[in-house]
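Next up is one chain by itself, shown in C-alpha cells, the form predicted alone.
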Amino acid sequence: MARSHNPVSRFGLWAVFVILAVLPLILRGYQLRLVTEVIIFSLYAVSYNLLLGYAGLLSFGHAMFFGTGAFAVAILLEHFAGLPLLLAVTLATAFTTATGFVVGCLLLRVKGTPFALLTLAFNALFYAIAVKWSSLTGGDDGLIIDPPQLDLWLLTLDPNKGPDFYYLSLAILGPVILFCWYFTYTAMGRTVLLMRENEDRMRFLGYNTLLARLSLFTLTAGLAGLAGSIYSLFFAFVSIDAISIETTTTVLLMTFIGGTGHFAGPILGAGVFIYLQNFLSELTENWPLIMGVLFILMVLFTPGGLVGIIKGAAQWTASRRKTPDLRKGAKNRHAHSGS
C-alpha cells in the first residue's frame, strides 16, 4: 500500500504543527499542562495500538515498560549527578528497549489468551520488584525528580517551567510519533498487519513471523519506555502507580475509545480520555464509574471508536450529497428520453 501524498493531508499536518507551536502563546498554566500530558500519553497509546491494532496482540502488561522507563530515568538522575537530561532519557529508553527484547523472547512463544495472561503475570512481577526493591525505587513512597536544565547552545530550557517542558516534550515525542506513522507504511509495518490477518500464509510465503513479532514487541516497549521517562520528568515524580495494572487499563481505554487499527485513534483517544477524566473528576469522586460505563457503551455500540464514528459520519454526509445529484441525473435522463 503506497503512502498517500494527498495535498490536503499534508496541509492538515502542517496546520497541526503550527497550532502546536503557538499553543503556549494561547494557553496558560493548567490547560497547557493538560496538552503536554496528552502528548505524552499519545505516544504511549500509539505504541500500544501498534501492538494491539496492527499486530493483534492483546497485552495486559504494557505498563511494565512505561513504568520501567519512568523509574529508569528517575534512578539515573538521582544516582548520577550532572548527567545531561537528554542522555538520561536516551539511556532509560535503551534500557527499556533491551528489557522489552528479553521479555519478548519469553512471551512470544505463545499467542492469544496465553500471551495476554502472561503479559499480566509479567506486569505483576515488575510491580512486585518495584515495591520490594525500595532502596532503588523508593517503594510506596516513589522517587522525587529534580530535572536538570537543558542547554541547547543559544537556548536553555528549564523542565520546571510549563512552556519549556511543553516544547521539550513536543520536540522529543512529536518526531517519534511521526516515525511510528511512517513505520506503518514500511515493509515491516505491512508485514505485521498481514500477519494479523493470516499468519500461516505469511509463514508459508517464507516470512519469519516470530522475528517480526519480536521486533515489533521490542519497538513498542522502547516507545512506551520513552513515554514513561518523559512522564516522570513532567510530574517530577514517579511512583509504583506508573507500573500498575491501572496504567495498562488506561492505555487500553485510550486505544479503544479512539479506535484500534487507526493510527490517529489512540491520539484522539488520549486527548478525549485525559480531558474527560479531568472534567469528571472535578464534578464527582465517582468519575471512574462513569468512565467505565462510557467505555462499555462504546465497545457495545461503536466498536470502531471515535475514528469509526467520524468516518461513518463522513460517509453518511457524502452519501447524502450524492443522493440529490443522482436524482437530478436520473430526472435529466428521464426528461431527455421523453423528448
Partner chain sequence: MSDIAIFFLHGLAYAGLLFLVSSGLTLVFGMMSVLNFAHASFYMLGAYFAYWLLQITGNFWLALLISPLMLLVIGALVERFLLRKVHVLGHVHELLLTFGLAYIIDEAVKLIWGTNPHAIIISGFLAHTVNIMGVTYPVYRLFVFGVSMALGLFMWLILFKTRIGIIVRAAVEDSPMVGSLGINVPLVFMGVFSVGAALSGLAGVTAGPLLSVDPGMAGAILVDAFVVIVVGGMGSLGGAVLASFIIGELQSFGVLLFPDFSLALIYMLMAVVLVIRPEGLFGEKQ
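Numbering follows the first chain given and starts at 1. Keep in mind it's a predicted model, so treat the numbers as computed, not measured.
There is also a form predicted together with the partner chain; it is not shown, and the following applies to it.
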Practice task
Report the stretch among 228 to 236, 109 to 117, 92 to 100, 153 to 161 that approaches the partner chain in the predicted bound form to within 4.5 Å, counting heavy atoms only.
Solution key: 109 to 117
Practice task
Would you check whether the partner chain, in the predicted bound form, lies within 4.5 angstroms of a non-hydrogen atom from each of 289, 293 and 303?
Solution key: yes
Exercise for the section: Determine whether any heavy atom of residue 249 comes within 4.5 Å of a heavy atom of the partner chain in the predicted bound form, and answer yes or no. Expected result: yes
Problem - Contact label in the predicted bound form: residue 38 to the partner chain, heavy atom within 4.5 Å - result: no
Exercise for the section: Using the partner position in the predicted bound form, report whether residue 132 sits within 4.5 Å of the partner chain, counting heavy atoms only. Expected result: yes
Handout entry: the partner chain contact at residue 309 in the predicted bound form, heavy atom, 4.5 Å
Key = no
Completion exercise
Among 27, 280, 58, 34, just one has a heavy atom within 4.5 Å of the partner chain in the predicted bound form, namely 58
Problem - Single option in 81, 121, 87, 171 placed near the partner chain in the predicted bound form, where near means a heavy atom within 4.5 Å - result: 121
Exercise for the section: Quick one: name the residues from 252 to 281 with any non-hydrogen atom within 4.5 angstroms of the partner chain in the predicted bound form. Expected result: 252, 253, 256
